[in-house]
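Same chain, two versions here, written out as structure tokens and called structure 1 and structure 2.
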Structure 1
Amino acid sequence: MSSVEVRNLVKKYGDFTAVRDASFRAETGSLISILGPSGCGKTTTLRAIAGFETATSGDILLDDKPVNDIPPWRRNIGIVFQSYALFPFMTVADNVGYGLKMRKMDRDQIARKTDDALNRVGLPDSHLKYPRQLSGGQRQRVALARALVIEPAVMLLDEPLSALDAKLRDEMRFELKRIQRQSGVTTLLVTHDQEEAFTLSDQIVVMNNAVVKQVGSPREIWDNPNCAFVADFIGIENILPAERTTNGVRIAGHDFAALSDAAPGSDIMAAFRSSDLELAGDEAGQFAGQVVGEAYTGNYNVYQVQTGLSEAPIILKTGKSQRLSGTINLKLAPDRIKILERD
């Protein structure tokens, strides 16, 4: 198994910059997600690690050794593509053993390693089936087995669960994590799904517009997003223009106590989750709002509340048994407000 480091990676196509000065590290045996919207540069970064793209500048290192000049087939990297890329006219066993066949292994070795890989992904009796006879989740497992059977130093997963329906995707997240932990192979996962990244990862690399915006553990990024884009992308619903004051922050003339390193008068953003707001009585409330929209999501009621904090309504989440209408009073605990740089 190998560590992976991306150091000051730049990838340009003519005048277009797909990746700009990206840097992060995946320690041996860890699982890192590269998370971001479509077109942010995450798949290009993965392809550069695989060797399918040549870096314009910067380095890709495996076990601290640059591999920029090493061709893909000599990097010992297993890859699972978004479409799985299984050979339709080969059996499952032949698909899984294909990489071993290309390495000139003898037939007995291929059979033994193929059996082991299929057992590892929970498909011990699927050797003679064809991809068309398998469910989406089973095809995904075959693709994983094919990547693992070559005993790669690193495994790269490009949106591996995106073709599955929601329920199966949830199930396969846990299977994918189990398989990765069991194999111990260093894994980099490209995804635009925040829940997937938070469920699976030891570290998350958040990208936008070709730039790495933040690197941290799921808990670090959830609790302390470092800019408005990251906060918005991980699902913080209320992100409002604000100004730093001596004792806290001012949002549209309303003062809140909040900790910040920004200097007084700084142009910043204040962010808080819909679940951070609390209902309050007339005297305890910090500001009032008018309920202008409601949605029931199963476990929660979600409300749009028009306040003086911004032109657009803010979002409030309550338990499903709590129904609101008309004018309500709200309060916001100071430690719930996150102070962010403007993007």
Structure 2
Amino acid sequence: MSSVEVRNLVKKYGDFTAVRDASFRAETGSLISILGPSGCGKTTTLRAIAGFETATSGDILLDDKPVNDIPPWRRNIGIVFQSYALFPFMTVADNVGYGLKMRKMDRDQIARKTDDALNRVGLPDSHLKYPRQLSGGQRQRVALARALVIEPAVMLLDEPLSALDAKLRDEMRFELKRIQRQSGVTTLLVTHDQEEAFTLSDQIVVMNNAVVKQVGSPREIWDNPNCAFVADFIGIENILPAERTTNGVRIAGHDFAALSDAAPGSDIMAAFRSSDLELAGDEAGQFAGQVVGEAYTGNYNVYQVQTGLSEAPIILKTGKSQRLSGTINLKLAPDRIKILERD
């Protein structure tokens, strides 16, 4: 087990930059996620760590030692590919035992470790089956067992749950967490599913357009996204251009109290969750709006409210028993407004 660090990683394909100056670190035994939309460079980063891509510049460090010159087969990194990449002509046991065979272990030892790994992933009696005879979830477990059994320094998972249906995905998510905790292996998980990243990770690396936007714990990112992209990506509905004032922000001429250390007068973005907006009586409201659209979901109602704050309507959510129409008054608690850098 080791720590993993990516330091100023750049990966170019010809003129195209797939990863631009990415840096982050996963401590020994932790689970770190790379979260971002399709095409942002997640897989490329992962492949660079595994050694399948050579970095254009920058370093990959395992236990603080650069491994740029070590080929993939000597890095001792376990990988679970999105498609699992199980060897189709080998039985489950042979798949899992492959890495041990490469390490020249004797038969008994391989058999014992294979049994052990398959038990750990909850597949105690599928040794003699072929991958094609397994369900998606079972294949995923075999891939996990195959990567874990070599006791890798680091485990890399590229969207390991994306090929599963929703129900199985939720189940495997907890399973993955349990297995990772038990084995204590440093794990790097690539995903574009924010819920997955938030439920599983100790640290999250948010990427967009080849750039690392923010690195932090789920809590930090949830409470304090640092830019409009991250705020939007984690589902904050209302992100409006604003200006910093001495003790708050000014959004389209309306002043709000807010906590921030940005310099007064600077252009920023102000963001708030629809669930943080409160309905107010006539006197206490900070701004008024007109309900222009509504949608009812199972748990809450979603309204589009046209206000003076922005051209596009802002989003407001209420409990399912609360219906709104016409002109309404709204207010926002000061600590709920997030101040973001402009992208």
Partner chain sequence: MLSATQRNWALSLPAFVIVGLLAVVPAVMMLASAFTSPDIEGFTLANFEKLWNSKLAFQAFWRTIRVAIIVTLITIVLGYPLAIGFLRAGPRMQSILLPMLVFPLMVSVVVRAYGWIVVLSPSGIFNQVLLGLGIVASPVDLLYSETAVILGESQLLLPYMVLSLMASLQKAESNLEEASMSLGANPVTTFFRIVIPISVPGLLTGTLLVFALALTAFATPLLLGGGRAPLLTTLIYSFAFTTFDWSAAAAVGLVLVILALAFVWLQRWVGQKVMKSYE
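FYI, numbering is relative to structure 1, first residue = 1. Quick caveat, the model's predicted, so the values are computed rather than measured. So that the term is clear: the rigid core is the largest set of C-alpha atoms that superpose within 1.5 Å between two forms.
Working note: structure 2 is the copy from the form predicted together with the partner chain; the remaining copy is not. Put the two forms on the same core and the Cα of residue 88 is off by 2 Å or more between structures 1 and 2. After superposing the rigid core, the C-alpha of residue 72 moves by less than 2 Å between structures 1 and 2. Comparing the forms between structures 1 and 2, the C-alpha position of residue 273 differs by less than 2 angstroms, with the core used for superposition.
Core superposition places the Cα of residue 130 2.7 Å apart between structures 1 and 2.
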